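Just the one chain here, the form predicted alone, laid out as structure tokens.
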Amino acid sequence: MAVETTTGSRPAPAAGDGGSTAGPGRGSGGGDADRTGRKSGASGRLGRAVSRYWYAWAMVAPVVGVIGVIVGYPLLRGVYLSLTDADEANVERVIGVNHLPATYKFTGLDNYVSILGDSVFWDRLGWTVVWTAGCVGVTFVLGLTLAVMLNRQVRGRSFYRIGMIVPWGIPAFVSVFAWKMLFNEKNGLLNQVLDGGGIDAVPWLGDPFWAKVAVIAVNVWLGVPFMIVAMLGALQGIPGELYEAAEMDGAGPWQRFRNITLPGLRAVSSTVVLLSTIWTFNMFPVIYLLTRGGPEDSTEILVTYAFRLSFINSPRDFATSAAWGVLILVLLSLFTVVYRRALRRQGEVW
């Protein structure tokens, strides 16, 4: 008895029976199905993420909302004002019982063209870069040096650690006012010490060169504690066995520092340097409270000049001040992108 076997075989459609041999993804039907599948898959993954981590989303939502209100709205408002001619005379205001509507107009990129074509911006930018590089460089070197010293087993180490962090716990404006008294040309302690040694008084805040030295010194004094704490934490994370093995191999102190300490600090130091750069670039209190940008605008950085345009000069130019703020944001964003790419080339994942 013959048995007909059909398993594993499938009759081919006839040439004219209208059957289609197009595989999945071919033709409009397959393409639509694929797109629909991808959309449903993406929505499905999002739905699963929300259902699985709903508690985390619920905890983060208030923070995101607050940040959106506090940061997002002022940022968007500032970008919009930078594209107008808003100033003290044409913004919305209330005088007594009279309500005056806003009359400023949209001007596009005119403010940016005017700023970038003015030497004032480039002069302020040049000093801001020098100020930032000087402060961050000196702060990093001092912070790393002191952190290495405090990481050793020395008598009174806890006392020294607390003493190094004290400047960080004092409000910035209090520290700046204290330094301003020390820098006083006639009655300041620094000039009294110099006078006792037979050295003429130094016009710390009255000479452009010495004023720049003074603001950098004060900002370094304020920034060193943060650098010490960050570097000290990174140093304590380096395994001691590495130093012991290197010492047994005959490596000297400098070789151990160069080949073990510096590579071990790279992940932390790269992030700390970036944060310090951003903070110093926008360090308003030190400049404004110590020198007000003087003498002769020699210590004025970008952020203090933007403040001057909006709150000191008359008439107050809100649009130009907002444009300066947007340019500051763009410069810092570009620096962050370039810095991140440089770290990636060195093998750092950040």
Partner chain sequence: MRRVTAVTAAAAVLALTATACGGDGGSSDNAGKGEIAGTVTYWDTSNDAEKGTYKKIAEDFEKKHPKVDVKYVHVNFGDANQKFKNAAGGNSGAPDVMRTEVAWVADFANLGYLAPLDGTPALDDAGDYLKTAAGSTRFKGKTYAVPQVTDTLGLFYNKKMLKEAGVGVPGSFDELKKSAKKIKSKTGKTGLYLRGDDPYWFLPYLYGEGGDLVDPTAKKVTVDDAPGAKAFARMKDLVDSGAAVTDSSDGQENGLKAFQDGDVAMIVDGPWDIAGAQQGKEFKDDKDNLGVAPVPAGSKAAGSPQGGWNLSVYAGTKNMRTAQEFAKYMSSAEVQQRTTEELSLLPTRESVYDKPSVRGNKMVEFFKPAVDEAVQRPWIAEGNSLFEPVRGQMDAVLTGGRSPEEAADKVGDDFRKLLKDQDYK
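Numbering follows the first chain given and starts at 1. Small disclaimer: the values here were computed from a predicted structure and weren't measured.
One more form of this protein should be noted, the form predicted in complex with the partner chain, which is absent from this view; the next part is about it.
K.L.:
So which of L262, L100, V213, A133 gets a non-hydrogen atom within 4.5 Å of the partner chain in the model of the complex?
P.N.:
Selected option: L100.
K.L.:
Quick one: does N184 come within 4.5 Å of the partner chain in the model of the complex, counting heavy atoms only?
P.N.:
Yes, N184 sits close enough to the partner chain in the model of the complex that at least one of its heavy atoms falls within 4.5 Å.
K.L.:
Quick check on L205: any heavy atom within 4.5 Å of the partner chain in the model of the complex?
P.N.:
Result yes; L205 sits at the interface with the partner chain in the model of the complex.
K.L.:
Looking in the model of the complex, any heavy atom of A89 within 4.5 Å of the partner chain?
P.N.:
Flag for A89 set to yes.
K.L.:
Is it the case that D118, even though its partner is missing from this view, gets within 4.5 Å of the partner chain in the model of the complex, heavy atoms only?
P.N.:
Although the partner chain is absent here, D118 would touch it in the model of the complex, with heavy atoms inside 4.5 Å.
K.L.:
Enumerate the residues of 260 to 296 that have a non-hydrogen atom within 4.5 Å of the partner chain in the model of the complex, in sequence order, or give none.
P.N.:
Going through 260 to 296 in order - heavy atoms within 4.5 Å of the partner chain in the model of the complex - the hits are Y288, R292, P295, E296.
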